[in-house]
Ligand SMILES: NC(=O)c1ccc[n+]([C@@H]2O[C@H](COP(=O)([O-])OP(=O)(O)OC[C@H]3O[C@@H](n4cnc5c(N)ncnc54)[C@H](OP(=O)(O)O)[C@@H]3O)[C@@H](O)[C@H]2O)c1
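One chain comes next, on its own, written as C-alpha cells: the form predicted alone.
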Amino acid sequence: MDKVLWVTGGGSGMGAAAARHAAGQGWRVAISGRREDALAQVAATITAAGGEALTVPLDVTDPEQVRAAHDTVLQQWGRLDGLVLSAGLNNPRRSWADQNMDDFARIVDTNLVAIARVIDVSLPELRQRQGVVVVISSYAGWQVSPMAGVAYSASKTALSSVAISLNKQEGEHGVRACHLCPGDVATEFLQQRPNVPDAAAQAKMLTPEDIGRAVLFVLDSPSHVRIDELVISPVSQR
C-alpha cells in the first residue's frame, strides 16, 4: 500500500498511536506537532518497525505553517489519502467564573479553526484520492460535559458539524469524515485538568492504543463505507 496519511498532534497520545497503527498496516505517515523531539521519537518507532514516517513540525494555528507542511508532504510522497486530526488544547480554568477570553480564543483556534484549516488545504488531494478524514474530538463533543470547560466543549461540539458538512457536501467526491469521540484516555493531556486523576483512576481509562486501533478501523474501511461518528468510552466513563 502506498497511501499517505497526515497526522496532526502526532507527537504524543492518541495522534502518535494512530500514526503507529496506520504505519503498521502500510500507510506512509507524516506526523506533525510543535515538539520536534517528540515527533522524532514517534518516527523512530515507526521506522524501527519497518514503516515509513516523515516528521513535519508545525503549529496548527499558523496558516502559513499549515500550508508549508501540506506542501512538504506532497513534495515527499506526491499524494495525500487521509488525515487524522488530533491536535488539541484545554486549560484548567474552565468555568464562566474563572475563564480567560484569550485562553478561550486559543482553545477554539486549536480545536476547531485549525482542524478546518488543515482540511481546507488538503481537500483537493482528498477529492482526488477519495480520502478519509478522522477528526479526533472528545466525549464532550458528543455529549455536553460541563467539567470539560466552556471553550473546550464548544469547540469539540462544533467538530460534529465539520464532519457532517464534509460528508454531506464532499461525499459526491468520495470524501469521508468520521467524528471520533473518545471518553477518558490516559495521556499527558490529563495534565491540563484542574485536578489531575491519580494512577488508580488512569488505570481504568482508555489507552492511546485503544484509540489508535479505532482510527485504523476507520482508515481501512472500504471506500463505500463511511463511519459518520464513533464514540468510545471506558466502562468507568460518567
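Position 1 is the first residue in the sequence shown; the rest follow in order. Keep in mind it's a predicted model, so treat the numbers as computed, not measured.
There is another form of the same protein, the form predicted in complex with the ligand; it is not shown, and what comes next is about it.
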Non-hydrogen atom contact E188 with the ligand in the model of the complex at 4.5 angstroms: yes
Taking 4.5 angstroms as the cut-off for heavy atoms, does A163 touch the ligand in the model of the complex? no
In the model of the complex, does V133 come within 4.5 Å of the ligand, counting heavy atoms only? no
Taking heavy atoms only, is G88 within 4.5 angstroms of the ligand in the model of the complex? yes
Which residue among D184, E170, E52, D210 has a heavy atom within 4.5 angstroms of the ligand in the model of the complex? D184
At 4.5 Å between heavy atoms, only one of the stretches 120 to 128, 80 to 88, 143 to 151, 93 to 101 reaches the ligand in the model of the complex; which one is it? 80 to 88
What residues, if any, in 29 to 44 have a non-hydrogen atom within 4.5 angstroms of the ligand in the model of the complex? G33, R34, R35
